[in-house]
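Next comes just one chain, in structure tokens: the form predicted on its own.
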Amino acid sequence: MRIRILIKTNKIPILYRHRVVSLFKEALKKSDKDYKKFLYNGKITKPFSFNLVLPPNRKSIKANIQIDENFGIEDTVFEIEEGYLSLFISALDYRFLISLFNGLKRLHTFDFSSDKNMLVNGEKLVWEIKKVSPLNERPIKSNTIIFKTNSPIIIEDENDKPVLFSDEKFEYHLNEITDRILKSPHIKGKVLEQPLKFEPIKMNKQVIKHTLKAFREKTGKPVMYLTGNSGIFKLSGHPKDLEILYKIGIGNRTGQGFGMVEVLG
């Protein structure tokens, strides 16, 4: 199941994923507090992924971004002439999307900035939730699917080092991470039916700036740099597993807006 959220705003900083997660928490708090606690009071694999799409004629500027009380940086901010963003969300768990859908309907607006956090040149940003629409999914019945990334896929090894699609151990780590995710009781409860085979078609390396409160407090740095994999690829495996990955995303950090894919063929 997928939904699209149409958001009205006039600008958005390059560091936005952690605020999308906060939007989810706010919406779930209004509709299903127990489920919000289940998802965010512990470290569990999130049964969803998301992707924020900016309009093509956005304008990039440099601005001061006050991340929190301790950290401020000068970095890219996108000015949006039309004033609309599209947030796409895909999930395996219907309870998540239905609760999110209902919570967003009640929320109407979301404070992207607070008095001290995520200010852009001292300005507070607000998101207006204009429309929430369900989207159709493509059925997966084949053992081989061509996917396109909507958001970069993050694959990290046992030392949290990034693994690129061109690395000879990429497929090994992809299978290991996927097995670990699928074993979660709320995802599938067991490992892959058969190993995944990954074949790049048109892939590129992509470096993404990201921030999280826990990272800032642990490292004393405002921003983390994640190395991801973007583009078109062929993935082979059991249709049941491919369908789950289509819904929850592929790789690490899917709940932070990474690894969302679309079916091309």
Partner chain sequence: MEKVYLGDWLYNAGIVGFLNINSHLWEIKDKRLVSKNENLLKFGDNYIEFDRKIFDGFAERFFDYAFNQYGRYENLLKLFEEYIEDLNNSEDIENFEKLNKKYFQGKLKDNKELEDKLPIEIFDRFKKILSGFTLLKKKLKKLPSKNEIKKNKSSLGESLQKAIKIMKENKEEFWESDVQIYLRNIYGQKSFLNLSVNKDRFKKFFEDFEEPLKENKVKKDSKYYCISCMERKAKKNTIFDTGISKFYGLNPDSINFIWNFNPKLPLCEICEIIYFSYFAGLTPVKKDDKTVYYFVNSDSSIDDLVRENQLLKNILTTEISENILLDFFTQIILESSYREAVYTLQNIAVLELDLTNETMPKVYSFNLSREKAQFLKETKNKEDLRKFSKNYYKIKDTKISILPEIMYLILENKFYFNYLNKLLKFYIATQNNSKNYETNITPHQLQVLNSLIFRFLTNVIGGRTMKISENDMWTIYYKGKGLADLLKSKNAENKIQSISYKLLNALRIGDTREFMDILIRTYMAYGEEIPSSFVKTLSDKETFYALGYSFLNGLLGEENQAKKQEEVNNNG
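Numbering follows the first chain given and starts at 1. These numbers were taken from a predicted model, which means no experiment stands behind them.
Below, we refer to the form predicted together with its partner chain, which is not included among the displayed structures.
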Self-check item: Partner-contacting position among 72, 134, 83, 139 - heavy atom within 4.5 Å of its partner chain in the model of the complex
Solution: 134
Practice problem: Name the single residue among 105, 169, 124, 116 that comes within 4.5 Å of its partner chain in the model of the complex, judging by heavy atoms. | Solution: 105
Quiz item: Which single stretch, out of 145-153, 73-81, 189-197, 94-102, brings residue heavy atoms within 4.5 Å of its partner chain in the model of the complex?
Solution: 94-102
Quiz prompt | Interface membership of residue 1, its partner chain in the model of the complex, 4.5 Å heavy atom rule | solution = yes
